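One chain is shown next in structure tokens, namely the form predicted alone.
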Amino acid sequence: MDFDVVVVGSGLVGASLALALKTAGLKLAVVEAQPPQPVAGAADWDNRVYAISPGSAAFLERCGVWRELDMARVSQVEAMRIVGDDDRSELHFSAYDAGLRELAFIVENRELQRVLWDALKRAQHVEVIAPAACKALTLAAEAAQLELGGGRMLHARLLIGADGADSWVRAQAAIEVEMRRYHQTAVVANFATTKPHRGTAYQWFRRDGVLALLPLPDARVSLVWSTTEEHAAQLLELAREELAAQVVAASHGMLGDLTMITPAAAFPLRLQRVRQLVMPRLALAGDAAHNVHPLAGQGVNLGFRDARELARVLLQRGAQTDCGDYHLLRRYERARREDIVATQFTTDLLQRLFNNEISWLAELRNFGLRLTNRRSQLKNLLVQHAVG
């Protein structure tokens, strides 16, 4: 089977990229090993959520999926309050002060996956091949050859790896990746609160990691507690009431008493730098191309910016008929490199800065929060970059 573009991975980035190419005049396929399944009891809240920037929301709107979200399950972040580990140094961000309607939208992973998958299945310009296991990849001069389970062979001018941090495509292409474990785990869960959050996202930089409470609709919040592996294991062993009490104590009772409404889950944290994003006939996007610490909430937005830029390059290829041409793909790599490097550097620096016991660094990081809070122009620049 011959295609112009084959996307491996139908997650948030892969699916949105395929949908963004609907007017590119290309023959497209998406290969997925494990298609999302309808979740029993979907009225419950997903314990994994994303802070979607306004820029990413606009991209998803152009893909035709943002309007399909159940907006009763989406919360707007209108302000953000960051507290240092001395409990006195603070940094505040306000959408109103930055001239914006919102800083971000908090959306469940399951809800995003649902609307993207439904749109993929309806898309007339995309052939969805799922479930399908990838068996072998050969990058030849004229096409990428992808062998699937059962012996089915796909030929593509361009193959895109959007298959996650442990990318099979990246490994098959022998693209080097530098990986460093943070020896931290992100513990996630959702809670009902007794005090209103008023659309404010809270974040505490602590000696044991970073704790964030993100606003969900009504009196609910989503916890992301990035902490040491040992502390995370202890948190996961707690009963619901005990974990809620730990979060109340760590957040200084900012949102009153908490009642756990979803089971806790966890995932390991790491930094991954990929040496190259493109090769002849191949490009990487999303977590296959980079992995960052979640303290800034930029991981998924970084991936959506990959999808947006790669779609732009392919849509504006002009007289170039070969969408897998290396020089064409280099436009994408050059356009994305600065954003990726800057985000990885900033999140890694903040993680290192707050994850140590050196006294003078503690003073420096808290002074930095206070100083930034007094510089409205600097805060607005940070907001403008974050909203995409």
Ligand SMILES: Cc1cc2nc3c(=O)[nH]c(=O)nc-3n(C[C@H](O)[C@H](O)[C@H](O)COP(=O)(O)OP(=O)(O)OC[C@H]3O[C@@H](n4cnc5c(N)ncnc54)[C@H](O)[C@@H]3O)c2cc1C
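Start at 1 with the first residue shown and count on from there. What you see is a predicted model; the values in this text were computed from it and never measured.
Same protein, other form: the form predicted together with the ligand, not shown, and the subject of what follows.
J.: Among the candidate residues Trp66, Trp45, Tyr332, Tyr50, which is the single one with a non-hydrogen atom no more than 4.5 Å from the ligand in the predicted bound form?
T.: Selected residue: Tyr50.
J.: Spot the stretch among 184-192, 152-160, 272-280, 243-251 with residues whose non-hydrogen atoms come within 4.5 Å of the ligand in the predicted bound form.
T.: Among the candidates, contact is made by 184-192.
J.: Does the 4.5 Å heavy atom contact test between Ser222 and the ligand in the predicted bound form come out positive?
T.: Close contact is absent here: in the predicted bound form, Ser222 is far from the ligand, nothing within 4.5 Å, heavy atoms only.
J.: Looking in the predicted bound form, any heavy atom of Leu369 within 4.5 Å of the ligand?
T.: Close contact is absent here: in the predicted bound form, Leu369 is far from the ligand, nothing within 4.5 Å, heavy atoms only.
J.: So in the predicted bound form, does Ala143 come within 4.5 Å of the ligand, heavy atom to heavy atom?
T.: Because no heavy atom of Ala143 falls inside 4.5 Å of the ligand in the predicted bound form, the answer is no.
J.: Going by a heavy atom distance of 4.5 Å, is Val31 a contact of the ligand in the predicted bound form?
T.: Although the ligand is absent here, Val31 would touch it in the predicted bound form, with heavy atoms inside 4.5 Å.
J.: Establish, in the predicted bound form, whether Gly164, Trp168 and Gly297 all lie within 4.5 Å of the ligand, using non-hydrogen atoms for the distance.
T.: So, yes: the whole triplet contacts the ligand.
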